[in-house]
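Just one chain follows, in the form predicted on its own, and it is written as C-alpha cells.
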C-alpha cells in the first residue's frame, strides 16, 4: 500500500510517499531554517505562512519523484498533533481536502509516534516491543513501545526539552539557530572536564529537567564576563553536551533495565547528536542491549516517518473524517481525534 504523507508541525513543510510502512518511495522537505535564524528561533506566524506557500509544491514534487499521481495512493496520512497549531492546521486542512476529493482514507498521525517510526525505515527488522528515547527541540520522552500503535510514557521533560536547551545554551554561547549542531561541532575541540555543570533531579526518576542546566550555562558565561575573563566556548560546549547526554542516557538505560528491555532505540532531532549516539552505544554494550537509531536524514522532522506510522495506524483502523482538527498538545499514550 502506498501512502502519501504530509508533515507541517513546525518549520519544515514535508511530503513523502511510503510503501507498506517500510519503504521510502520519495521524500521532500522544504526547510525554513535560514529565515527563522534571523530571529533566533521559530516564529509561528511566519512558519504558518511559509507552509501555505510551500505545501502544494512539496506534495507535487513528492508525487513526481515517486512517478505517481494522487490517484495512485491508497491513503493520505498527516501529522495532526502536537506542534505549532497554526502550522499543523495547514497540513491537516490540505490533507483533509485531498483525501475527501479523492475518496481516500485520512490517517491522523501523532508527531512523536512518527519520530519513533523513523527507525522502521532504517531498520526493517525492528519490531515492537522495545524502549525508545525521543529527543527533539520540543520533546524529551522515555517511551515503552508495546506495539506499533500502543505506547506508554515512562518519563518526559518537566520544563525545557533537550533540543530546546541546546538551542538556548547555544544562543548564549554566540551560535546561530538551530544551535545543537554548532555545540556538537565545538564540543569536539573542547575539554569536557573544564566546567562543572549541574544535573537537575526530578521526583519521577525517569523525568527530565533541563531548565536549571540551561540557566547554569547562562550564569557561567555572565559571571565569567563580569570577572573580565573569557569563556572557553569549545570546552563549555563539550561540558554542556556531555552533561545532557549523560542525563538522557542514564535515565533511559535505567528505565530499560528496570523493564527488562534488551532492545532500545533513539529518535528525534537530537538523535543526530554524535555525543548522544556515542553515549547510548557505550551504555548499550555495557548492558548487553541492542541499540537502533534512524539514519541522520530521518532524525529531524520529515514526512517519511509520518507515512511509516500512518501505515500502522491505518492497519489498526485509526482513520479520521473531515472533522479532524489540529492540536498543539496531546498525550502520546492516548491519541484522540
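Positions refer to the first chain, counted from 1. The structure presented is a predicted model; accordingly, all values stated were derived computationally and were not measured.
Same protein, other form: the form predicted together with a small molecule, not shown, and the subject of what follows.
Trainee: Within 4.5 Å of the small molecule in the predicted bound form, counting heavy atoms only, one of 299-307, 45-53, 285-293, 64-72 shows up; tell me which.
Mentor: Selected range: 299-307.
Trainee: Give a yes or no on whether every one of 160, 200 and 213 sits within 4.5 angstroms of the small molecule in the predicted bound form by heavy atom.
Mentor: No.
Trainee: Hey, in the predicted bound form, does residue 181 get a heavy atom within 4.5 angstroms of the small molecule?
Mentor: Heavy-atom contact with the small molecule at 4.5 Å: present for residue 181.
Trainee: Is there any non-hydrogen atom of residue 137 lying within 4.5 Å of the small molecule in the predicted bound form?
Mentor: It does: once the small molecule is placed as it appears in the predicted bound form, residue 137 has a heavy atom within 4.5 Å of it.
Trainee: Report yes if any heavy atom of residue 111 sits within 4.5 Å of a heavy atom of the small molecule in the predicted bound form; otherwise report no.
Mentor: The answer is yes: residue 111 has a heavy atom within 4.5 Å of the small molecule.
Trainee: Looking in the predicted bound form, any heavy atom of residue 80 within 4.5 Å of the small molecule?
Mentor: Residue 80: no contact with the small molecule in the predicted bound form.
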